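Next comes just one chain, in structure tokens: the form predicted on its own.
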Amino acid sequence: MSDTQNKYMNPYLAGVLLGLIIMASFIITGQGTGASGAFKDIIAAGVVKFAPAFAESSAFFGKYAGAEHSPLKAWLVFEIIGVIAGAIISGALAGRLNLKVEHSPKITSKTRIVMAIIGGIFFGIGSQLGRGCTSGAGLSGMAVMSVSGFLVVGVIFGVGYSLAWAFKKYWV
């Protein structure tokens, strides 16, 4: 086994720890985990700050424009800041903290970045249409035994598995 393989956590242990984190999130904050909602709040804060007239006239951004608190004071925004800080600390402690683009030898770094941006756009659109992302709708939904949480995870894995053969050249 190489040194690189030893630096990653056992995936089964990581899954158990993720479950415990979701449970702690519900106990401590009364809310589950999520990610896409934080980016929605950050974009809303930007629109309210830099285009207030548009925000007030918009059906979507209007609720943020008239809110008593900034959209940046949301639980998910603080959670994402913590996730980023935790990732940096974890990477530094494991000696993996460096900037690089990991990709298949079959493609260039530019192709990998373009595909990641396209994937991120689809992820953002999908999470808004589905009213949640993998962690919010899926993991937190399953944690409270919601049928929709189990359906979301089933659909995510089903679609991912069925499309993997077409896109695997961008990863391996």
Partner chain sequence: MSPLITPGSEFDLLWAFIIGIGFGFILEAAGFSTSRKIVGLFYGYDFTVIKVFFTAAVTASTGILLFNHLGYVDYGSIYVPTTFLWPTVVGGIFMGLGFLIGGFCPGTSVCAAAIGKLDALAFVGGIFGGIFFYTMSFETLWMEFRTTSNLGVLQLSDVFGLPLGVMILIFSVFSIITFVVVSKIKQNIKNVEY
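Positions refer to the first chain, counted from 1. For clarity, every value in this text was computed on a predicted model and none was experimentally measured.
Here the subject shifts to the form predicted together with the partner chain, a form of this protein not shown in this document.
Mapping the unseen interface onto this chain, residue 60 counts among the residues with a heavy atom inside 4.5 Å of the partner chain in the predicted bound form. Although the partner is absent here, residue 65 is not a contact residue: none of its heavy atoms lies within 4.5 angstroms of the partner chain in the predicted bound form.
Heavy atoms of residue 120 reach within 4.5 Å of the partner chain in the predicted bound form, making it an interface residue. Interface membership of residue 125, defined by any non-hydrogen atom within 4.5 Å of the partner chain in the predicted bound form, is confirmed. Contacts to the partner chain in the predicted bound form (heavy atom within 4.5 Å) from stretch 24-43: 25, 26, 27, 28, 29, 30, 31, 33, 34, 35, 36, 39, 40, 42, 43.
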